[in-house]
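Shown here is one chain on its own, the form predicted on its own, set out as structure tokens.
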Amino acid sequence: MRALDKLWHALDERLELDPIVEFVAHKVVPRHRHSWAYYFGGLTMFFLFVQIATGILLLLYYRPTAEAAFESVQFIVTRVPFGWLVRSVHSWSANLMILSAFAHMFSVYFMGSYAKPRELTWWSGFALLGLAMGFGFSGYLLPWNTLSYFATQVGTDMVSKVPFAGAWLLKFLRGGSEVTGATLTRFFGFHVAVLPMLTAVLLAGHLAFIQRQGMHVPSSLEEEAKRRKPIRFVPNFMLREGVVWLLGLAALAALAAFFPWELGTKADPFASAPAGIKPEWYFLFMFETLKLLPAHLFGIEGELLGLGAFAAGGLVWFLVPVLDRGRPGGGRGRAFFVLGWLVLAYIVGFTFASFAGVFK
């Protein structure tokens, strides 16, 4: 203990840790009937940590070229000890991270936690969700199998519909006019360098905003939160968060062990696209919507109108802290409260309908 005390004293002299200790010691989390929603953010971060750890292990063997990518992943899952498990954990944790990020976003939305002075917290969180989906999209191509190849072709084709900049964006993403080895190299660079750097910066800012402003209490629950004793962040809330992380780890381990992520067959650029090709589940609601639109509407290409509508909807969602000056569930904010439920119902409904084969 004496050695630990000396180490702490030495660190405190150089880093001035006492103010941080003082802050953590007095930090509390409000307690009310919806306090469970506070755990989604930490759970999302846990899955991000799993992504980083397993991604580093996969990098030891992965080769980002069209000639060797599939074979290197095949080597990982067949020859490397527990390589199949590491890859399955990496793939499943990516999906669970995006799922928990969506849950976190909607819980923040319905509790009105985007309101002043938390606009920057909402905007940085919105950007982090976009980066998480970017991780999923870029990482999907890396095994270079048939499904990922043609799904990437479909996904990048949508970018070409962007007015004026579409052709340039398509070449920027693909490294040319077609999905080739150059595309794989670019997506690998995005996946392991560009997106992680952006995520690190945004995540640091997002966490700083949360620590500075504290946890938001919905206006309808303020009286209840005042009556109930708040939860001390250390150690009470951290221990509860740890239990949530263990539950997330248990779900992740079960999925990875009982439903190993399949590799499929190596991509053949000269083969025809398999029937029923679809993107990952978190893009299905957009994919199915665009499929339902007619080829032309009001003299404009239907897919272009659909992408424009999604862009406008995303902008409205991003600007909710500015647009909504009322309280969610009451007053002027009721319209945005209803909007949130409509958006949630639309995303969930179209996603499950796609899985059920409703859209042909």
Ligand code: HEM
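Because the structure is predicted, anything quoted here is derived from the model rather than measured. Start at 1 with the first residue shown and count on from there.
A second form of this protein, the form predicted together with the named molecule, is not displayed here; the remarks below concern that form.
Note on the interface: of 182-190, 110-118, 166-174, 67-75, the segment with non-hydrogen atoms within 4.5 angstroms of the named molecule in the predicted complex is 110-118. Judged against the named molecule in the predicted complex with a 4.5 angstroms heavy atom cut-off, the residues 104, 126 and 215 are in contact without exception. Among residues of the shown chain, residue 285 is not one whose heavy atoms approach the named molecule to within 4.5 Å in the predicted complex. Contact check for residue 207: a non-hydrogen atom falls within 4.5 Å of the named molecule in the predicted complex. At least one heavy atom of residue 203 is located within 4.5 Å of the named molecule in the predicted complex. In the predicted complex, at least one heavy atom of residue 37 sits within 4.5 Å of the named molecule. Site annotation in the predicted complex: the residue of 306, 55, 333, 42 reaching within 4.5 Å of the named molecule with a heavy atom is 42. Of the residues given (137, 122, 84, 92), 122 alone sits with a heavy atom within 4.5 Å of the named molecule in the predicted complex.
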